[in-house]
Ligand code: AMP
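Okay, so here's just one chain, in structure tokens, the form predicted on its own.
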């Protein structure tokens, strides 16, 4: 289908086009009937140094795929993946189109991609479209993750299409998300070529990832060894950050793991309200494979899959090296998670017994299923003497006073003037709670009202700061408000 080009230019420099065409399909978005620009991230547009604003007459058409930016050569990327442990040899961008790569003045490179922009050769009988609900969820949660300091893809815009998409819930409003990433190469991208025994393509892809994300690997005597270890370390840091915030990705398939170390593909994701280590929200995760507490072990499993793809590049010590790196991943992940969780209870310089103190608290939280975010946030207030908000979260626990006394004794050995401040700096008050996201989605879907989504985005920009006007949004949901399942949207 021929799509005309607009006057608008982004300054694209699409390095992925330098790879052979077996890595992608050159294709244009499929136009939609009546696109409307509903959310636009002005801060991100400014950061990307995009030479336009939301008032540009042609912008809506370009972001909807009805026009192409003047310098855009759109493409869909090929990749495979292990989905719930089973290998699928071809997945690819079935409903996403990479418009191009934007390079900022300081040399940073970002992909601009449309999701819900029509069928590609990777669509596997899908309709190539997206419903408004999952698009809004990704916009809200990805921007919240950015504000929380977690590496993540980001969201530039949401557009409604003027069309309906059919899902299990019925006919829903269609939408397009404009996503921004530092790179869209996945573990599954390597798996695509490994399944085809294409060692040359694996080498080309590894060299591309080094040049784009891990330039220091190029200076190593063994660049591919260094690359694998660097990806592992980035994954360990990312997973520890997720878990310290009570975040559950939902579908950690290998096609949803970006080698850049960013959070990508917000489908059935969620932040825990009431704590339980085996919490699952994904409607398709029947076995709990991707439950909260399993995310570290799953990421290690995924890392093994990447290592097996890179094996031809490692030489004779390859299998041993993979085991070494995955073992190091596990150790680094556990160390980082322990450190992050201890920081949440005010411990900066760990002493013997601190881990037991933390585990005792988690056991108490699990026993009463207290709210994960509020438990740690209100614990910081106990340093200043106000224990009521914290204790109120625990209704029937006779063990809490004993734990609290032990904690208060321990925390006195830290620097009291800064401990409360440090705790409030790592324990957010505001997270994108599932019931609030659902309220925003329903308002947009049923009343064409995006005000709740905008309000949610506003307060989530400063998640660690008291915001009296939004105090209600910090509260945990009532039992009848809890959202217990989230969905992929495809």
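Positions refer to the first chain, counted from 1. None of these values were measured; they are calculated from a predicted model.
Missing here is the form predicted in complex with ligand AMP; even so, the following discussion is about that form.
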Report task. Tell me, out of 167, 222, 276, 82, which residue has a non-hydrogen atom within 4.5 angstroms of ligand AMP in the predicted complex. Result -> 167
Report summary line: From 101, 93, 143, 191: within 4.5 Å of ligand AMP in the predicted complex by heavy atoms is 93
Query raised in the report: Counting only non-hydrogen atoms, which stretch in 205-213, 233-241, 299-307, 83-91 is within 4.5 Å of ligand AMP in the predicted complex?
Result: 83-91
Requested in this report: Please check if residue 126 has a heavy atom lying within 4.5 Å of any heavy atom of ligand AMP in the predicted complex.
Outcome: yes
Query raised in the report: Though only this chain appears here, would residue 265 touch ligand AMP in the predicted complex if you measure heavy atom gaps against 4.5 Å?
Result: yes
Query raised in the report: Taking heavy atoms only, is residue 255 within 4.5 angstroms of ligand AMP in the predicted complex?
Result: yes
Report task. Taking only heavy atoms into account, state which residues of 222-238 are within 4.5 Å of ligand AMP in the predicted complex, ordered by sequence. Result -> none
